[in-house]
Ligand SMILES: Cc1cc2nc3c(=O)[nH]c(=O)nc-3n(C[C@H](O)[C@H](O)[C@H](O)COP(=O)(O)O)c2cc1C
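There is one chain below, alone, in structure tokens, taken in the form predicted alone.
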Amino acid sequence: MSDKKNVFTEMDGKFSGNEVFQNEGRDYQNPEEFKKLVHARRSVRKFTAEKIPDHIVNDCLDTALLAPNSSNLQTWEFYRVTSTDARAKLVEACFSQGAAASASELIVCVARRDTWRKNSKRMLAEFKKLPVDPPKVVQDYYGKLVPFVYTVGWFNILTPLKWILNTVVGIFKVVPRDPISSFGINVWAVKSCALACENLMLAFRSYGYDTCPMEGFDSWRAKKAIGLKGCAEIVMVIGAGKRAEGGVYGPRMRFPNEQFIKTV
């Protein structure tokens, strides 16, 4: 293991004295039940008229927000569409496909690349509430490194400069090369949101309800349907409900594992 120091290695062990969160989840193991849950999740494209109780929907959304995410900046938003008018417009934006039209719940999962600055300040505030003082490395991470990595300037004006800096410095040391543009930051935010989407779908399945993650939609019309503005990217629209007869269109098909799993 390298003995070189950086903001990531300096963080190691800073909060190890508090057993409350150090031991959280440590003893849990139930691989067979987890596999059952994962195998039970199918993309269902037709739902019955049965409604999902509000408390279940709320609990599933809470579970979604427990997903791991980059630097815990939580660059996501979830819009539960309950308005009749908004729902009709969203279904149309989803090409009126069955998974949208018949769903008891429609949830728009959104990545926000523009909330990192606000949330980095909130992270610093949350650290100050802990029973131990946040080390300087935490303050430097959220106060200096995060702004450096995610600031690209108007119209990506800083992108060429960051590329040159990373390329030159990267010859001699490890550097955070990405993201350096608004496109890269968008991808970064989408990755975190996608992790939460999987949590959301598995949570619904654990309650006996099914989901369908839809990427086939008119993004402009979908944003308009829910009044979404600013730097927001709809990652997917998730339809949820009780599975109807014929709701699963076919067997689960996956290519051979060796095509995707590599050892280096």
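Just count from 1 along the sequence shown to find any residue number. What you are looking at is a predicted structure, and each value in this text was computed from that prediction instead of being measured.
Although not depicted, the form predicted in complex with the named molecule is the subject of the following passage.
Taking the partner from the other structure, the named molecule in the model of the complex has a heavy atom within 4.5 Å of a heavy atom of Gly216. Among heavy atoms of Ser43, some come within 4.5 Å of the named molecule in the model of the complex. The shortest heavy atom separation between Cys212 and the named molecule in the model of the complex is within 4.5 Å. Ser104 falls outside the set of residues with a heavy atom inside 4.5 Å of the named molecule in the model of the complex.
Residue Met236 is the only one of Ile52, Ile226, Ala203, Met236 with a heavy atom lying within 4.5 Å of the named molecule in the model of the complex. Contact annotation: of the candidates Gln97, Asn166, Gln139, Asn156, the single residue with a non-hydrogen atom within 4.5 angstroms of the named molecule in the model of the complex is Gln97. Note on the interface: of 52-60, 65-73, 34-42, 218-226, the segment with non-hydrogen atoms within 4.5 angstroms of the named molecule in the model of the complex is 34-42. Interface residues of 226-264, taken as those with a heavy atom within 4.5 Å of the named molecule in the model of the complex (partner not displayed): Met236, Arg252, Arg254, in sequence order.
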